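First, one chain by itself: the form predicted alone, in structure tokens.
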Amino acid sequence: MNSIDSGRHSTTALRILGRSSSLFTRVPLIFAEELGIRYELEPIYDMTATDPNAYGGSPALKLPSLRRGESLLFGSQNICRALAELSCTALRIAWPEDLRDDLSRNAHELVWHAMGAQVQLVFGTIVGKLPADNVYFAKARAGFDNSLRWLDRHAAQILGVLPARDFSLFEVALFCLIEHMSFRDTLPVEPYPSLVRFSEGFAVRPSARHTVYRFDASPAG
């Protein structure tokens, strides 16, 4: 079980269905840690399964999901919002709808595009062992790199125009992405020095240290 402080909020742990190795799972895990929400991570072991039951009931065969009693909520952003609604803290969170300029709105779009592109590359070329030079993956890699270069070029300006906050969905997602690039070998991080500096700064937060990427050990061995 994970939490910042098991006594601060509800004594009933929520269950987050996902993977410790997943960047889309890590985003709500960091939110839970920042907000002091008690949670348990329920690992999803086989990402090649095509039965919704293997994903806790998600019809899209995707992760993460949040289970609260009989309720099941799908998707990283939905889970982050639900956690914020449950929290008793006064932390200020900057959400996508708080962004008022094209630059920060584009930044949010591109970081989520890059997250999806990385998953596409990992699942297709590493898990599925499909040819990396296939046009489908070549285009995904080019769009991934282009997005990161744009984010790296504008990083200081983007972070400077975000609303007053304790943290933001954009920053959490960007951190999870950059760290995942080193965890899962898709693109090297060296061409994006501004993003690396940002990631190194965010990594000192307790929420980041408590959610380090790792592969969940299957109970079947």
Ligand SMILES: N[C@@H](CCC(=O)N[C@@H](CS)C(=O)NCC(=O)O)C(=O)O
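Residue numbers here begin at 1 and follow the sequence given. All of these numbers come straight from a predicted model, not from anything done at the bench.
The form predicted in complex with the ligand is left out here; the points below concern that form.
S.K.: With the ligand left out of view, which of 93, 140, 119, 111 would have a heavy atom within 4.5 Å of it in the model of the complex?
M.R.: Comparing distances to the ligand in the model of the complex, the residue within 4.5 Å is 119.
S.K.: Identify which of 66, 63, 178, 35 has a heavy atom within 4.5 Å of the ligand in the model of the complex; exactly one of them does.
M.R.: Partner contact (heavy atom, 4.5 Å) among the options: 63.
S.K.: Only one of these stretches, 71-79, 97-105, 145-153, 84-92, has heavy atoms within 4.5 Å of the ligand in the model of the complex; which one is it?
M.R.: Result of the contact check: 71-79.
S.K.: Under a 4.5 Å heavy atom criterion, is residue 23 part of the interface with the ligand in the model of the complex?
M.R.: Although the ligand is absent here, residue 23 would touch it in the model of the complex, with heavy atoms inside 4.5 Å.
S.K.: Taking any heavy atom pair closer than or equal to 4.5 Å as contact, tell me whether residue 47 reaches the ligand in the model of the complex.
M.R.: Yes, residue 47 is a contact residue.
S.K.: Would you classify residue 136 as touching the ligand in the model of the complex, given a 4.5 Å non-hydrogen atom cut-off?
M.R.: Looking in the model of the complex, residue contacts with the ligand do not include residue 136, since no heavy atom lies within 4.5 Å.
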